[in-house]
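Only one chain is given next, in structure tokens, and it is the form predicted on its own.
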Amino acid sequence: MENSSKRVLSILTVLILLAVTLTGCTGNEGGAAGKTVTINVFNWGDYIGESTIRDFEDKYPGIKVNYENFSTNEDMYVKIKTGGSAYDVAIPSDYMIKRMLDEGLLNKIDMNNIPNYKFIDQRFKNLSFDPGNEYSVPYMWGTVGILYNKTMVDDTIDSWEVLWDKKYSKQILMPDSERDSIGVTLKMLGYSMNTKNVAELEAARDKLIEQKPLVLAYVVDEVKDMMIGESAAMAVVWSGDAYYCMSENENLEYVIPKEGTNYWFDSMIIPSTSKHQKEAELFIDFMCDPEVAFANADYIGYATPHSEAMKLLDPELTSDRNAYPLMEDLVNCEIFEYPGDEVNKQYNRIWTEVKAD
């Protein structure tokens, strides 16, 4: 009887161990055995393919994505800096990446876990804000220019100066972004977009205040619907938004002004708030998959730094030098740099004064 009891206990022990083992073999890649991990992804509005998040969750059933949007780099920075949410992946722009790096707000990315990084074109590696390719993976790039309606504008649009033409009063849309609006004004005045000269910044402020009565609205994502619906004659926009609008309204045209402009890079980073580094790296690598990178670029209309995705895009788009400018087209253009805390305070003050009633 004693031996029989021992055999029963042994069988029960084996069954329990087998059950535990099987429970751990759920195929939930990215999470601990039998658990689902939720990663927090922070991105610009309307800046990802329609099925990208769902496709990622299908590939990695052990990972769920909580996806949130921000409107400006500054809004994104404040939320991560204050630590209110533990974001695992964010997609800020060049100058903000440098600021976050300097302030210790970024984790290093283990590029061994990003095998699809090999598809990022060499032109977009070792950029000034991350020269060692340790903290960011390029996502999209482009320019800032003027989108205008050819039926509402009878001038040749080749200069930022048109934004101060009184004949277009209340027909002009400006970006609700201090860096972009101040930046194009500096360019119009013949200054660097990265100036730290307070007198030059004050001159830009004065011009923006002078322009304010002509401005219909300061906008971000809503610029697309407004330009497609012909609510305004012209707008300062990012190139990808311009090409989306042009695909929806044949009366629209995009130009990079002769004074030059900002050419920018948005890149994927892992904030220091991340609690799921491994899963964040899986997400970044997934975004660099050629088919995924193509789907994202094809949907949102921005220029991709991904060499294989480029091959899948419409050649008519990739041969358009406003959409995919060559380096020789960017001679008068600048990448935004973070100006430092003291000068940044001047930007904040100037923008507050411009927007004040």
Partner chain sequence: MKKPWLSYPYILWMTIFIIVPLVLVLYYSLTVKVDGTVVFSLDNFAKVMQPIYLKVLWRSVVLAVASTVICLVLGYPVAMILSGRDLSRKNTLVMLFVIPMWMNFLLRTYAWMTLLDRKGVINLLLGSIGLPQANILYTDWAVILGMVYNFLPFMVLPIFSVLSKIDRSLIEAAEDLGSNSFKVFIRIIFPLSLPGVVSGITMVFMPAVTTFIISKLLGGSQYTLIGNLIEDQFMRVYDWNFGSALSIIMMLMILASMALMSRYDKEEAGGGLI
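These figures come from a predicted structure and were not determined experimentally. Residue numbers count along the first chain shown, from 1.
The next section is about a form of this same protein that is not shown, the form predicted together with the partner chain.
With the partner omitted here, the residue from Thr82, Thr156, Asn112, Asn126 that has a non-hydrogen atom within 4.5 angstroms of the partner chain in the model of the complex is Thr82. Checking Val78, Val198, Leu189, Ala86 for any heavy atom within 4.5 Å of the partner chain in the model of the complex turns up a single hit: Val78. Three-residue candidate spot Lys170, Ser231 and Glu353; every residue lies within 4.5 angstroms of the partner chain in the model of the complex by at least one non-hydrogen atom. Residues within 4.5 angstroms of the partner chain in the model of the complex, judged by any non-hydrogen atom, belong to 208-216 and to none of the other stretches in 255-263, 208-216, 276-284, 235-243.
Heavy atoms of Glu74 reach within 4.5 Å of the partner chain in the model of the complex, making it an interface residue. Within 4.5 Å of some heavy atom of the partner chain in the model of the complex lies at least one heavy atom of Glu178.
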